[in-house]
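Just one chain is shown here, as structure tokens, and it is the form predicted on its own.
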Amino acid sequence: MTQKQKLVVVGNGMAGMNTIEQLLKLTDQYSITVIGAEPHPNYNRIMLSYVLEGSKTIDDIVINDRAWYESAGIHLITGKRGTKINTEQKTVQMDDGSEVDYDRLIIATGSNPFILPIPGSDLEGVIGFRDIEDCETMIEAAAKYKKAAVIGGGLLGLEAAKGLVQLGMDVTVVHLPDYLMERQLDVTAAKMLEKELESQGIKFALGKQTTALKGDTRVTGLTFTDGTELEAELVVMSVGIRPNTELASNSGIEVNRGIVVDDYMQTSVPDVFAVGECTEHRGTCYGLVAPLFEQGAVLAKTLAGVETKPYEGSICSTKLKISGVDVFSTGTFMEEKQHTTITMHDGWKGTYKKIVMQDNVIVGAVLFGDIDDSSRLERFVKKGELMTEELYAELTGTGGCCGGGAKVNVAAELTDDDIVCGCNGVTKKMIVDAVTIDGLTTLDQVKMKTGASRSCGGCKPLVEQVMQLVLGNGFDAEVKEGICGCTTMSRDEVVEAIKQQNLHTVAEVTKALGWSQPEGCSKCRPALNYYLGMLWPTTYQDEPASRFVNERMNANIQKDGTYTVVPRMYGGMTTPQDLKKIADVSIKYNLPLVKMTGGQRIGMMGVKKEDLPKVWEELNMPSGYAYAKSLRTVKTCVGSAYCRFGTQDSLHIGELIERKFERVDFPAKVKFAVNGCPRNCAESCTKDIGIVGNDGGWEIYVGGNGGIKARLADLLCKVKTDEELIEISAAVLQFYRETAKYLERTSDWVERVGLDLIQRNTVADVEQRKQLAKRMDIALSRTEDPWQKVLKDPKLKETLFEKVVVTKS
């Protein structure tokens, strides 16, 4: 057997991993290792603004999960930085001192946000907007502070500002020029954009130069050159990026503004290549995603030994990723004396179109409000298309017998190599192959296979046009989407089919129901594992491989690769003895942080993976399930036992509820709170189930949420006895288990199914309520503490937690 060459990629971002994805389609000649500085698998960085505004989760923007790396045979190292390359010995040294060997190496270290070198830029509350950590910092800040400033009115700055507005902050965009996005838009389009964003709640301070940030430890405001000031408790700097060239510089590789590469992405050192934002090609450094994919395509073919055209640079196009705002720019957008323009401005409809030509060749365009022609214009600019009478009529809508040119099928005009999905680098040919070779017929299937329209969704109409072109009448754009790209079946159809066909494993489901990917995907496997466990509580054998990593490890993995352990504290109560055990274990295992959580318990941060079983054993406390789709916490006030206002024993009920419902799986995490009186000290109104005591008994509320999508709970009913309270709670939880979509919180579930339906099944219909409570008891009877389960199983403990010692051969 021929020994594979060792290919090491330093950088786990979009450029490096897109290159690897393309390489894997061409050859299997490499044994691949990927080194990523962040603790996460590869994710779509340009979708961070959607995470910030709350329309997507971090899981939603992951491009390749850890299972993908495993299935591709890639050794993924996260949480470590490459610090130096020994180009003679062909090794990469990492920041922990370890090394990996390579035969060929790709540097894909991306870029760093530029922080203005002004007084106060190191204050707490001053950040860039570049990665998940920045995103999380902004979300946390929005929960505590009211006023934010974003310095920089470019693409990323505006997306950050909109996200912060969505989080409830008062946001002002500070920008040095007099109009926004001056690198992509002309004044007319920029002013239209400004007006639209003002209507969405963003304020602007244009023509302002920041001279300093004020504050002692945390930022409190900005001062400008004109002497004016702006109050801000969070400042996001979005004033540009700088290629991350530190690794190359430390290793004797030629660096100018970026790592200098030739037309095949070769650096100045043999067998060392570079791709993406860290590079400088023909004097240009790129900060948009499309050039990275174009560079990656050339590099993948070069590494695979496949003939390829050289990379000759990119013409950049831009779309703003703010919902409700359609802005597009490509090529030359500011005319000079050598240019002629076609301009259409409809102030009433709020649309604007400008096409820029030089010697009758289309060299650029700006669109606002209606960007249907964006793909065509982008292609025309790249191809250097000549303006003709026919094309003029099509683009301006002035031709045809009714005064409008006929709409052309843009997909038919695309060449095989034209990129359809700029977010994920998907070409027309990749979509056509998914249809003609893989036999896919729905948009969701193609999305799953190729990634097209998986991110912002802006290319969805064009993807559909390509599919329409290939499939003709066989394509139905209105076909419903399934629980994931592997199937068109809805949640209810899948659950019903499992029952009707008596299916008992994930593999049986995917095979019997005709999944397009027999092994399923990271989205459907956890859902199927839950549905099967819910339907067959006494016989189903749980499939840990189908669970998310936190649930497999029974602890929360953190950004540095360590874990957080949260032991159970029923009703938020503990004992001096348990507190001492937590302290002793924390000291023994040198844990860097012990933190009180919002659910009235203690999180032990920084536990090494191999120490997890020992920590659990020495604590000898139940798992708090802080990592699971299960009952997390029951928050309580002290109630009638201690409070002079308390009318009910909230401590007793809180402990009773937590002991009864712990460990069973739910579609999503569940939180309770119990108040001893209507003063609401335990915040029952924002919990999945909130219990409020009164003089005559208890009020039960459902569907509250205090997270990013806040919702006050609805009053379900009032009961007089503790027994009624427990039975109705059990019925609500079981009804939720049986009718909710996987990962659907109760707040969304109540909105979707309606409070009336929940009341009828869990309150009004006594017999139905008792049946639901009975099924809950059956499910609860099969549960087992997961920490004790690991401790009792030496093989499981060894497989999951014991450190693997790698010897160098």
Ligand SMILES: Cc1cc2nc3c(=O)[nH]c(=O)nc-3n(C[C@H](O)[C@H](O)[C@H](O)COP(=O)(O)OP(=O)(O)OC[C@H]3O[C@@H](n4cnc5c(N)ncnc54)[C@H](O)[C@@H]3O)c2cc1C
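Numbering starts at 1 and runs along the sequence shown. Predicted, not measured: the structure shown is a model, and the values here were computed from it.
Heads up, the form predicted together with the named molecule isn't pictured, but that's what we're talking about next.
*Segment that reaches the named molecule in the predicted bound form - one of 565-573, 491-499, 531-539, 109-117, heavy atoms within 4.5 Å*: Looking at the partner contacts, the answer comes out as 109-117.
*Are any of the heavy atoms in G603 no more than 4.5 Å from a heavy atom of the named molecule in the predicted bound form?*
Outside the cut-off, so no.
*Wondering, does H339 line up within 4.5 Å of the named molecule in the predicted bound form on heavy atoms?*
Taking the distances in the predicted bound form, the answer for H339 is no, it never comes within 4.5 Å of the named molecule.
*Although the named molecule is absent from this view, report whether L288 comes within 4.5 Å of it in the predicted bound form, heavy atoms only.*
So L288 counts as contacting the named molecule.
*Applying a 4.5 Å heavy atom distance criterion, does N244 contact the named molecule in the predicted bound form?*
Contact with the named molecule, yes.
*Which one of D373, D665, E658, E159 is close to the named molecule in the predicted bound form, taking close to mean a heavy atom within 4.5 Å?*
Here the answer is residue option E159.
_Partner-contacting position among L48, I758, A779, A740 - heavy atom within 4.5 Å of the named molecule in the predicted bound form_ = Contact check passes for L48.
*Judged by heavy atom distances of 4.5 Å or less, which residues of 16-50 approach the named molecule in the predicted bound form?*
Going through 16-50 in order - heavy atoms within 4.5 Å of the named molecule in the predicted bound form - the hits are G16, I35, G36, A37, E38, R45, I46, L48, S49.
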